[in-house]
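Taken one at a time, structure 1 and structure 2 that follow are two forms of one protein chain, written as structure tokens.
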Structure 1
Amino acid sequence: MSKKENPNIHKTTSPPNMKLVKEFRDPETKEVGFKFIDYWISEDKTLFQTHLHYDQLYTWRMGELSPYALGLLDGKLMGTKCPKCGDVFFPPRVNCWNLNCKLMKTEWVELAQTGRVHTYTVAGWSGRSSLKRLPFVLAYVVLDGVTTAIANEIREIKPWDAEFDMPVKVKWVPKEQRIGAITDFYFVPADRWEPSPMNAEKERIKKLCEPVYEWVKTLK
């Protein structure tokens, strides 16, 4: 007796045959495994320390989430929608979050590239990979028609000019530079938006940003 196929099971091509390759490896990207680069001894010769360098490449298989990454390459924001309850997700959820929908498989939908700032901050410090672009505005934006908020940077704005509920639109990095990751796009103020006049809080944020600009200039 043949078992009826469950339509909520995710299926991906197998074997995958990953043939269409675009490489953009920086020549500086080296995989050396374990490598000690120095040692240090305290002046009183009682303590020893050393530095270990260890790096590796990770394969990120996007699997059933691949339509999201492929969309980015194409300049499309692909989110998902639950056919039962209608919630729309970006970042995409491939199964609905509503327990009543019993892990219903969601459908891929192309999203509007406009939205509003739900909340934001002006970053003056960050992780190692992001220090040189400080200060920047990181916002949680609710795209039009979407249930959830997505975090990304707002550029083309003075950091102290960002505000709650401001309209933003998506801007893409040039097509040939896209890598299929969230950094393929960022937000910029919507065309009709004008910054509000300076006020005490904006002056305060501007003052807090000044030493950050100076500090970033000293980074190698």
Structure 2
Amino acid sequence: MSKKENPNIHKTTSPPNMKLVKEFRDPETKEVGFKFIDYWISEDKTLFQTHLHYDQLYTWRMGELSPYALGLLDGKLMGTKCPKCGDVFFPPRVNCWNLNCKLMKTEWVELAQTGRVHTYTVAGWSGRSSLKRLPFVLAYVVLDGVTTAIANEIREIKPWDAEFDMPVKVKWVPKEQRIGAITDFYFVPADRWEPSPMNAEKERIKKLCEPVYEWVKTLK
């Protein structure tokens, strides 16, 4: 189809007017490693973008997924729901992934901040930003009412006490430290949850964790 047949074929939307809201670059930030340095929000408060270093500077504009990042800043978990099949996605998806829905546009919904562990692993190694927290539990959690799973840490737990299907809840970092990224929250055991008694498998994991704890003590 030619431009004459469709005058809008080469038309592009104007770039949003973004405003720097918060900058947290520190003097140690270099063009190496992984670190967020700021975030921006459009004047109409519908679009979110951030800059991060990952060996070089990247601009990460969330576009139609901006409600997810904006929700994190306010302590809300925003997911998307397919109006046709009812599947709920978190992390959010702009279009439904159910093949029968033929990429149906999803709708934004606020999610519960509780869920259950689908699967997990105990990390004995990580990227530079997480080394001092080793060993830690990284889990895929299905929030209540959600179809998909989200990966994040489970904290305030001994690594060997993590369990499949254990109930968890969301815990937020302080509001002034949030940056509109998944690091704004993590999971902790749900209220009144108690780990099962020690057994051979837990003892095995505990033994594997002990040298990691000792190594972390040597980090500056």
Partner chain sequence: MTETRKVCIVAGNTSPFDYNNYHMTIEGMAANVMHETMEDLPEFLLRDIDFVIYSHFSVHFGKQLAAEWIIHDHLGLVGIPHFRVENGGNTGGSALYAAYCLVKAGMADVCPVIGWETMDNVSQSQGAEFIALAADTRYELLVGGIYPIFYAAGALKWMKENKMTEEDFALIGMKNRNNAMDNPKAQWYRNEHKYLTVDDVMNSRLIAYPLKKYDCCLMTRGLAIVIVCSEEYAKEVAKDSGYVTIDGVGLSSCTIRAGDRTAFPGWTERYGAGYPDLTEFAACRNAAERAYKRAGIEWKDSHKQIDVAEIHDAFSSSECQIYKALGWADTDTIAEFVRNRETFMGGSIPTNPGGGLMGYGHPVGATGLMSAIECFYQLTGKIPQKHLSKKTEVPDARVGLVNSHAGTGTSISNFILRTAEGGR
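Residue numbering: structure 1 sequence, from 1. Keep in mind the model is a prediction, meaning the values are calculated, not measured. Just so we're on the same page, rigid core means the largest C-alpha set that superposes within 1.5 Å between forms.
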query: Selected structure - the one that is the form predicted together with its partner chain; finding: 1
query: Residue 130 C-alpha shift between structures 1 and 2 of 2 Å or more, rigid core reference; finding: yes
